[in-house]
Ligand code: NAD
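As a starting point, one isolated chain is supplied in structure tokens, in the form predicted on its own.
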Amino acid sequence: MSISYEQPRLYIDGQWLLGDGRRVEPVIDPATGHTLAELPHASQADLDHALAAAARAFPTWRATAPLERGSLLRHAANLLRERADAIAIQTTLEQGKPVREAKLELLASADTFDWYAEEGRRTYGRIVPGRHIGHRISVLHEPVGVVAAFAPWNFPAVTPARKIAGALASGCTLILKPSEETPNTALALARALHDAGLPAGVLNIVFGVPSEVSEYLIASPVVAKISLTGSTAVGKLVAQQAARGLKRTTLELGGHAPVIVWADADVERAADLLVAGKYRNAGQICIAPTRFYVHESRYAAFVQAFVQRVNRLQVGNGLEERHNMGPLANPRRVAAMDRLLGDAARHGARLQSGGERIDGPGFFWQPTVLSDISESALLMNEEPFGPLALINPVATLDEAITRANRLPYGLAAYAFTQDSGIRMALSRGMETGMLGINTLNVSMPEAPFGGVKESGLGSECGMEGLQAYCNTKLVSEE
């Protein structure tokens, strides 16, 4: 099969735009370090065009029946499923993850379109009993307007899909800036919607210098809402910019997910799930299990089981089926791994497996396991966003919960136990937006996805994700 990378474009007002004198930047294959294509940046005129197109399209799109909006989203979802194999190759080329992971992400994106297509028909208001017989009180949910959304490189399909589907299903129009490192995956979503008959201007895709594009769009009076998936530092900056216009925000930010493995856990099953979850996408996942707190009675057995499975992982180019972990996405992540592991060594951490860059082209790093690592090490405080697992023993449940809650992050957390009392204590005590008990499955279209503390504001997916794109209006009639 011939494999080639498509030329990325801008998508504005229903038109696909090439460079044509615009500033460009290279898109790099992280498995080889080679340039795949030149990505055009949107000029200020392009951003103004996108803003005007989204504003012009909004009144008609909000007036489009939810049933019709849903039908279009379902059509696009079916096109994504038909094209999943081809799009997955584009994703692997630009992002690095194994192609089977990329395909599963595309299918999850199609499911997200489908779910929002149905939930958009159920943006229910309510009737509140009036103060007297001639008084009627109605509560309505209406689309907020034009949305500016920003998506990262680690999940270049499912993260844009949540923002696109949520905005469109509610009746909003959208300007999306995906990552410049992974443009073609988001453009494939736009292509499916375009081919399904999406009216011009309802969705626009732009690229550019992230800080410049975000600041310009957020400051525009046209934009009513901002949705960002990114780091906590960027999220704070975006929140400050949005606050100048009192614009509503949904912020899904960084994490440092703790895992509690208790004395009654099935260690072998826990190791199976946790190794698969930790090293998926080379650990570049905001909800990846990272800080492991294992009951001291099972600590040695868990470390042994975990390391055995890690040592069986095959790392290499994601286009080859035999590899189950691809490269890191960019040189920045390689430098971060080197810095964090050097600090961990100075803090006395024990290296159980990996710990080094893999020689050769591309940005490959060994799956790494550290044990007995001090809470003062950078790795225990800074999200590694890479293939690093950190395992420590604990003696009591209170100690485990206290150490799990120690950081300002609160996106996802996990636990493995069969004890119903411990489950209830974890459900009450863990400071997190999402808690998986005996499962890592905390991300699905029908349930809210979001964090607490410095891991974000608001949720995507679930009914909460749809309502985030709506204003609430009270109508009181006599």
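Remember, predicted model here, so these are calculated numbers, not experimental data. One rule holds for the numbers: they count along the sequence shown, beginning at 1.
Omitted here: the form predicted together with nicotinamide-adenine-dinucleotide (NAD). The next part is about that form.
Asks: What stretch, of 129 to 137, 92 to 100, 191 to 199, 176 to 184, brings heavy atoms to within 4.5 Å of nicotinamide-adenine-dinucleotide (NAD) in the model of the complex?
Replies: Checking each option against the 4.5 Å cut-off leaves 176 to 184.
Asks: Using a 4.5 Å heavy atom cut-off, are 8, 34 and 86 all in contact with nicotinamide-adenine-dinucleotide (NAD) in the model of the complex?
Replies: No, the candidate spot makes no contact with nicotinamide-adenine-dinucleotide (NAD).
Asks: Indicate whether nicotinamide-adenine-dinucleotide (NAD) has at least one heavy atom within 4.5 Å of a heavy atom of residue 361 in the model of the complex.
Replies: It does not: once nicotinamide-adenine-dinucleotide (NAD) is placed as it appears in the model of the complex, residue 361 has no heavy atom within 4.5 Å of it.
Asks: When the contact criterion is heavy atoms within 4.5 Å, does residue 211 count as touching nicotinamide-adenine-dinucleotide (NAD) in the model of the complex?
Replies: Residue-level check for residue 211: yes, a contact with nicotinamide-adenine-dinucleotide (NAD).
Asks: Heavy atom to heavy atom, is residue 231 within 4.5 Å of nicotinamide-adenine-dinucleotide (NAD) in the model of the complex?
Replies: Yes, residue 231 lies within 4.5 Å of nicotinamide-adenine-dinucleotide (NAD) in the model of the complex.
Asks: Whether residue 383 contacts nicotinamide-adenine-dinucleotide (NAD) in the model of the complex should be assessed with a 4.5 Å heavy atom distance threshold; does it?
Replies: Residue-level check for residue 383: yes, a contact with nicotinamide-adenine-dinucleotide (NAD).
Asks: Could you check which residue among 306, 207, 150, 116 gets a heavy atom within 4.5 Å of nicotinamide-adenine-dinucleotide (NAD) in the model of the complex?
Replies: Of 306, 207, 150, 116, the residue with a heavy atom within 4.5 Å of nicotinamide-adenine-dinucleotide (NAD) in the model of the complex is 150.
Asks: Note which of 154, 290, 368, 250 lies within 4.5 Å of nicotinamide-adenine-dinucleotide (NAD) in the model of the complex, where distance is taken over heavy atoms; exactly one does.
Replies: None of the other options qualify; the answer is 154.
Asks: Just give me the residues of 332 to 349, first to last, that have a heavy atom within 4.5 Å of nicotinamide-adenine-dinucleotide (NAD) in the model of the complex.
Replies: 332, 333 sit within 4.5 Å of the partner.
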